[in-house]
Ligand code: URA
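Single chain ahead, written as structure tokens, the form predicted on its own.
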């Protein structure tokens, strides 16, 4: 699937009916951020706030994510944020693999177009979506947070989803340390 540019892809996403998730959405949620990002964050799926306003990570998880990014010195001008699926699953369920496969062309295009230095899949669902592109099996997110992988010259840092931090605040230091490590690597 080829698009002329990010905006033309986003117009297609906003009217997409390729899977059943479009029936549950108020707004499809397109990626947002720098068009020349160093850091590319992949979330699972839009939540209630995101579905309402069409902006990724605008709810409680997004607030925590932004606080951590600010604390660790990651400027919003360095990042692009998207999701593995662009529509909210019913009852905030994790996105099914079949939906991720359908949306994967959008995610692949975002990565190819923006060419980030670092990709951060947030949570297991995002990691699965990235696996569909990289064809690398990474394992369970809780066992590999903080590890780095390389794919086609891009570093991949699997990370907890911010919602997991909200459920278990003891993970916050490890969550922030991953961002500190990324900033250190980007400075070199």
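The shown structure was predicted, so the numbers you read here are calculated from the model rather than taken from an experiment. Numbering follows the first chain given and starts at 1.
The discussion below concerns the form predicted together with this ligand, not included here.
When this ligand is placed as it is in the predicted complex, which of 141-149, 48-56, 32-40, 128-136 ends up with heavy atoms within 4.5 Å of it? It is the stretch 48-56.
Please check if residue 159 has a heavy atom lying within 4.5 Å of any heavy atom of this ligand in the predicted complex. It does not: once this ligand is placed as it appears in the predicted complex, residue 159 has no heavy atom within 4.5 Å of it.
Select from 66-104 the residues with a non-hydrogen atom within 4.5 Å of this ligand in the predicted complex and write them out in sequence order. The stretch touches the partner through 83 alone.
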